[in-house]
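Just one chain follows, in the form predicted on its own, and it is written as structure tokens.
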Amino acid sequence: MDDIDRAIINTLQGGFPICDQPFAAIAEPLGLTGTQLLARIKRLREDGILTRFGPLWHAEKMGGGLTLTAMKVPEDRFDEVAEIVNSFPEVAHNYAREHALNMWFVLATESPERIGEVLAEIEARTGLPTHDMPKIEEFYVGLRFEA
């Protein structure tokens, strides 16, 4: 990841312009064209530096549900279980952790009731229990890379 990649990631976290050519608008201050910006985003995704590129919806404000979930996954099944969990469109983020509960993921659902349904489906497909940890208070933590 070079300084331009860091600047792209920092810029994209600050919002996305609503205009006819949003990628060109983002690219110009970075000294890039819209095509170059898109190529870099694609490469960052392919290299696994970015795992996702897209909007984050505030599910609760839209009438949906949002929760953090953890699982204790045997190491020899971690990739298999991650693939199952990630197959659900409601899974927004999935992280490996060095902890007894070694897989953590966020669910964003169309309705609050759907959280329980998705967790039950994940448990049925993996044979492992899920630990639902609903949000009590929301905090915003930004991520910035030094150039």
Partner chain sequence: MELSDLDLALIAALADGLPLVSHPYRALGAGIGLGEDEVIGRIAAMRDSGIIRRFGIIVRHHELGFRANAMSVWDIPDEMVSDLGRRLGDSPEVTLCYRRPRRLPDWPYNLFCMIHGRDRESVEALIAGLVQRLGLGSYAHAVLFSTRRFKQTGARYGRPAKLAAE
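If you superpose the two forms and keep the largest set of C-alpha atoms that fall within 1.5 Å, you have the rigid core. Numbering follows the first chain given and starts at 1. Just so we're clear, the structure is a prediction, and the values are computed from it rather than from any experiment.
Beyond what is shown, the protein has a form predicted in complex with the partner chain; the following relates to that form.
In the predicted bound form, at least one heavy atom of residue 1 sits within 4.5 Å of the partner chain.
Mapping the unseen interface onto this chain, residue 128 falls outside it, with no heavy atom inside 4.5 Å of the partner chain in the predicted bound form. The partner chain in the predicted bound form is approached by residue 132, whose closest heavy atom lies within 4.5 angstroms of it. Within this chain, residue 120 is remote from the site of the partner chain in the predicted bound form, having no heavy atom within 4.5 Å.
Taking the partner chain as it sits in the predicted bound form, the stretch 10-25 comes within 4.5 angstroms of it through a non-hydrogen atom at 12, 13, 14, 15, 16, 17, 18, 19, 20, 21, 22, 23. Once you line up the core between the shown form and the other one, the Cα of residue 92 stays within less than 2 Å of where it was. After superposing the rigid core, the C-alpha of residue 38 moves by 2 Å or more between the shown form and the other one. For residue 12, the Cα coordinates differ by 2 angstroms or more between the shown form and the other one after the core has been superposed.
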